[in-house]
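The chain below stands alone and is given as structure tokens, in the form predicted alone.
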Amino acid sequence: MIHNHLDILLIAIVTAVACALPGVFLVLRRMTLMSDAISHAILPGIVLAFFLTESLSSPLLILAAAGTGVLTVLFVELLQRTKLVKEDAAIGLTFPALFSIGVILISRFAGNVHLDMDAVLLGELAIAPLNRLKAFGYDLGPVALYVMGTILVLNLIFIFVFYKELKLATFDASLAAALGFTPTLIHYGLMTLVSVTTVGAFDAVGSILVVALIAGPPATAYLMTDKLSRMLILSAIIGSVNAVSGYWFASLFDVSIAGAIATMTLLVFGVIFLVVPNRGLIAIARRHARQKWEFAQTMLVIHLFNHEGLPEAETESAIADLHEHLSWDPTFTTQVVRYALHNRCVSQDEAQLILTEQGRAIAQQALVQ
């Protein structure tokens, strides 16, 4: 039983990392919908390959499904190049049609075999370790672990060898073409990699979790950094954290492992979305609040500066009358005065406000701009 739990956890981690690495480039290219399209559209390729081999363990299933994934990308881009439909519409037209073909083939010709819709959509990590790789009388471990481990190594090799080309083609395809690279070849190489990864993960985790693992960790990492190398590393780490925490959640509450990992992927993204420094919602809210008070402070010191040294200066700088001169709410005016006093932009002399050198400099700079 312990080995079974360990096998499930290893399969989940390896699958998460394998999906997250190519997913980084899909997120940067704003092509995450393509992962959803591929994860569904590979179904007819799997079914057709099964009809030919009559085996669910044949390597031909992976090859046929990967080919269907690349074909999906080709169909989407051909529709998009007509300029008659946009990319999201092209995806919406392509993958439901291909997925529906797969569903029809299963319901019509494969009703008595283990190709059901629950397995297609949700997968079942709990039974993935039951399919063992055996050689010379030895149990070498789950087949899914070897499949996803091999795909992970292929992903790492592809990204390492073509890192420069992928980076250039992702951020500036025109410059890549001008420098003699072939962005189209790199693009289809990446799409092939995504297709192979999707197919490999499809049997164990199902199409829904494949999309979550391809899009979730890279999108979370993108909130944390703009550097591609760091984003790749963070995506792998976040994917592993999602897999481990999701498995723990599923074990604790006795729920679907794939569903729990997908849920944790969303929760981790949500937490980072809230708390990440400089980019999170909390940081943005604080920045907006700070800008609001800084702007009000600037208006206050400009008002004092404009009347400084004039006969009406005493009246215009009276704290009790500031809200009338600035057309502010009295409570808000009191808060702005406290903010300016705290920042030493003004000083208080009984009932009057007096500009400090710092406040005068702020006013002068604002007026020059």
Partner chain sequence: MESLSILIHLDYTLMIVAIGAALLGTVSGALGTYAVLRRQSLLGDAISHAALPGIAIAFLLTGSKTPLILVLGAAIAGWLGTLLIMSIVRLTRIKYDSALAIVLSTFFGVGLVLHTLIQRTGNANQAGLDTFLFGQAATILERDVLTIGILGGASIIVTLVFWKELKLLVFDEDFAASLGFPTRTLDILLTSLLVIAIVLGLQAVGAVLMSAMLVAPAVAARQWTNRLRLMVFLAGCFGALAGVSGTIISSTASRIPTGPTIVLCATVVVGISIAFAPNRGLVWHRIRHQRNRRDLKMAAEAQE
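Here, rigid core means the biggest group of C-alpha atoms that superpose within 1.5 Å across both forms. Positions refer to the first chain, counted from 1. Values in this document were obtained by computation on a predicted structure and should not be read as measured data.
Just so you know, the form predicted in complex with its partner chain exists too; it's not on screen, but the next bit is about it.
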item	value
Selected contact from 73, 145, 190, 219, since only one has a non-hydrogen atom within 4.5 angstroms of its partner chain in the predicted complex	219
Contact assignment for its partner chain in the predicted complex, among 241, 208, 233, 154, heavy atom within 4.5 Å	208
4.5 Å heavy atom contact, residue 30 to its partner chain in the predicted complex	yes
In the predicted complex, residue 253 touching its partner chain (heavy atom, 4.5 Å)	yes
Any non-hydrogen atom of residue 265 within 4.5 angstroms of its partner chain in the predicted complex	yes
Partner proximity in the predicted complex: residue 215 to its partner chain, non-hydrogen atom cutoff 4.5 Å	yes
Stretch from 190 to 198, 146 to 154, 99 to 107, 233 to 241 whose residues place a heavy atom within 4.5 Å of its partner chain in the predicted complex	99 to 107
Stretch 83 to 101 - residues with a heavy atom within 4.5 Å of its partner chain in the predicted complex	83, 84, 85, 86, 88, 89, 91, 92, 93, 95, 96, 97, 99, 100, 101
Large Cα shift (2 Å or above) at residue 288 between this form and the one not shown, core-fitted	yes
